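One chain is shown next in structure tokens, namely the form predicted on its own.
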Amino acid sequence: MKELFMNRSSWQRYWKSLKFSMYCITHPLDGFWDLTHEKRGTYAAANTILILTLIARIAQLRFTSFVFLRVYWEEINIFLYLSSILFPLALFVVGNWALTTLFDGKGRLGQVYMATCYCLVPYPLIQFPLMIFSNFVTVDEAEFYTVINGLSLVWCALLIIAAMGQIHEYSLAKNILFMVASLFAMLVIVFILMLFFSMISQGVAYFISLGKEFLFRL
């Protein structure tokens, strides 16, 4: 009975934290402060939001009108398509945390990840209705689709700026400075990863050629 109660309590906290995301996107300053400092967010809710974002990304391919999005399925790689969200997200979380840790940032890596996921709420919230809307809009009314689609991205970006300021307890100017610095940190991480994999591939190629040469001489 105790186990059942604990499970019920966990589910209740999960639903409350998931519903709290709606407060975060409408009251970002108070919302993101409470999300981490008052522990009103959960990783389960953050992961759910991320999964919904990925589902919305894939659903766009299937349900958006061909007037706005032409899909050539033979050229689509779903894993690469999903990585267009997951890879930048991972780069930003690591880059922002690494920089702010060096300059008195209060946020931990998990908190940066959680808040960033909560900032993605407007994307699935807008994109799912927008897919349906796209099938009832003519080419002459395409501006409405473009504006609403852009709004979901701009809203997410503004929420991320607000969230990082509240988590790290930075002033507006310092927060914007470190947001720009985080973008450069992302580029640096990409460069290091490319360099690392290049060295690995060259090392593997060397040992393969060495093995072939050894077998040839035998």
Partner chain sequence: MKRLLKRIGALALCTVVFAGSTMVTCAKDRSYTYNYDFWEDVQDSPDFYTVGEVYTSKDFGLETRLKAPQGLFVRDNFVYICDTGNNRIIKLEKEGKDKFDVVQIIDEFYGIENNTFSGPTDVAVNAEGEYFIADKGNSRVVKLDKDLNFMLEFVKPDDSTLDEEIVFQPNKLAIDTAGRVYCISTGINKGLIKYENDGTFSGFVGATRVSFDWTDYIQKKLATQAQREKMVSFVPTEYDNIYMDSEGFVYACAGSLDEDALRSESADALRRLNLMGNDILVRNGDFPIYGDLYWGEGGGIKGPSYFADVTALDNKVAICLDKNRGRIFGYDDQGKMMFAFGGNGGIAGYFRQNAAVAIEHIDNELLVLDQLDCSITVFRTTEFGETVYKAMKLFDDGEYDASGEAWTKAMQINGNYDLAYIGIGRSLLRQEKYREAMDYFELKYDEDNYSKAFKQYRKQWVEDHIGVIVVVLVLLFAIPGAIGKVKSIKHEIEIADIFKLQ
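Positions refer to the first chain, counted from 1. Because the structure is a prediction, the values reported are computed rather than measured.
A second form of this protein, the form predicted in complex with its partner chain, is not displayed here; the remarks below concern that form.
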Heavy atom distance at most 4.5 Å to its partner chain in the predicted bound form, all of A46, Q111 and F207: no
Contact test in the predicted bound form: K39 vs its partner chain, heavy atoms, 4.5 Å: no
Contact test in the predicted bound form: L102 vs its partner chain, heavy atoms, 4.5 Å: no
Its partner chain contact at F144 in the predicted bound form, heavy atom, 4.5 Å: no
Non-hydrogen atom contact W11 with its partner chain in the predicted bound form at 4.5 angstroms: no
Heavy atom within 4.5 Å of its partner chain in the predicted bound form - residue from L61, A157, L151, V67: V67
Members of 70 to 91 lying within 4.5 angstroms of its partner chain, judged by heavy atom, in the predicted bound form: R70, V71, Y72, E75, L80, S83, F87
